[in-house]
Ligand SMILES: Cc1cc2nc3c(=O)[nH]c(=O)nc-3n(C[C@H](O)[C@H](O)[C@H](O)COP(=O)(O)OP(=O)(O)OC[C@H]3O[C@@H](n4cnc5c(N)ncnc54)[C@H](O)[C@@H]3O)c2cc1C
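First comes one chain, alone, set out as structure tokens in the form predicted on its own.
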């Protein structure tokens, strides 16, 4: 790696640049370094504390290889709930990769034991997990740029990606990394819905990749919501498996336990306030909650609420593409995108390959982050080895960076429009073709103004790019949901309540000036069959 500076820009070179320092990004950095690459990781926050994993108690999709029937049955069951979109080959790869990877954290993470004395690899505590990963990549010699968000990619004349540029939030100035290849591990976006831990997840990687020519997949599956104490962002959902819900008059609502509570809860919330208590929670679970999710009880204690005795008001926060499953399309087993030299991992990539048409929840998504991060890093390392020199490519960021003409654009008002179209229960949960068409037209109009006139500078440049990324993501989500002219998994259309066998395929989406959708006819689906 080489370092130089000119004016206020720090110039660096590396074989592989990782953008994003969450679960997928740190696993990617470790894998690329172990493969012999010089690695730089640029994180928007402080790597080791930022991202959704750092606030959670993530489990992993963790199934022993013996007897083989265990994994075969798990994959078969996941296929049944994936509505024909997921791929058994990828599921088997993820199970195997996760199984071999988590034990390598020994020495960095203090794994607990079960009652038989066996090491519990499956469930980890988020804060300690992320600190362990930071220690691991530091020990391997990864160069970490903390508080250094990326703003745009660099692209060579042949179309391959050659690095990125960004800003140094605490030290001031800019940075540029010329690299052989880039891994995007920038997470998904919840459109700043107050989802716990997702404040830095604004879809930046989607926009940067699209500007390089990449497409996305599964963006119609962006309507997962999580229950939270009203007025808080405490979206740890495990405890609500035992919730009893009530309307404003104290009447019990007929909402069954399980994963299908989003629509009935949303319907009740559209009529008025909804309350709940957690009195049905078994005593042994209550005892484990402070261990598994130590932050869950904090807002209740602050407000003097005993959730196991008292009724309290609840809301739902949208999870966008965090627990939704859409993201950058994957075209190779190394998690390559359709742009040479650009790889995607974790929530930045589509998780349809494993999750199918339903949310991957915590465990499948975590296993995907561990696995895809390492595959992307290995692919990027091999690609970088084939590049000669570290020629600086051309910066290719557009919206918010290079307008046709500058006029004042209200970022807060733009975000409000995005949130109204992407998070409102009546629009995003109770979907119809007419509503989606209106959302798409509204977002297109805003995009045309934003792209032509918004210019971020100084302290506003990051928020301007983040707003552009969320606006672009909203357009792709609305267009994909309109193109999926049926109900399938998470995506439910009130005007198309049936699943259509002709749409048992993934839907691709892309474009900036004009958004397009198409059927995925990629080889990966054929590989699965």
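Positions refer to the first chain, counted from 1. These numbers were taken from a predicted model, which means no experiment stands behind them.
As for the form predicted together with the named molecule, it is not shown, yet the points below apply to it.
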Original post:
Should this chain be marked open or blocked when the named molecule, placed as in the predicted bound form by superposing the nearby C-alphas, has its atoms checked against backbone and C-beta atoms at 2.4 Å, with 3 or more hits meaning blocked?
Top reply: blocked
Original post:
Do residue 44 and the named molecule come within 4.5 Å of each other in the predicted bound form, heavy atoms counted?
Top reply: yes
Subject >> the named molecule contact at residue 365 in the predicted bound form, heavy atom, 4.5 Å >> reply: yes
Original post:
Is residue 58 close to the named molecule in the predicted bound form, meaning a heavy atom pair under 4.5 Å apart or at it?
Top reply: yes
Original post:
Hey, in the predicted bound form, does residue 352 get a heavy atom within 4.5 angstroms of the named molecule?
Top reply: no
Subject >> Proximity to the named molecule in the predicted bound form (heavy atom, within 4.5 Å), stretch among 396 to 404, 74 to 82, 141 to 149, 428 to 436 >> reply: 141 to 149
Subject >> Proximity to the named molecule in the predicted bound form, single hit among 464, 487, 53, 480 (heavy atom within 4.5 Å) >> reply: 53
Subject >> Neighbours of the named molecule in the predicted bound form among 194 to 217 [non-hydrogen atom within 4.5 angstroms] >> reply: 195, 196, 200, 201, 204, 208
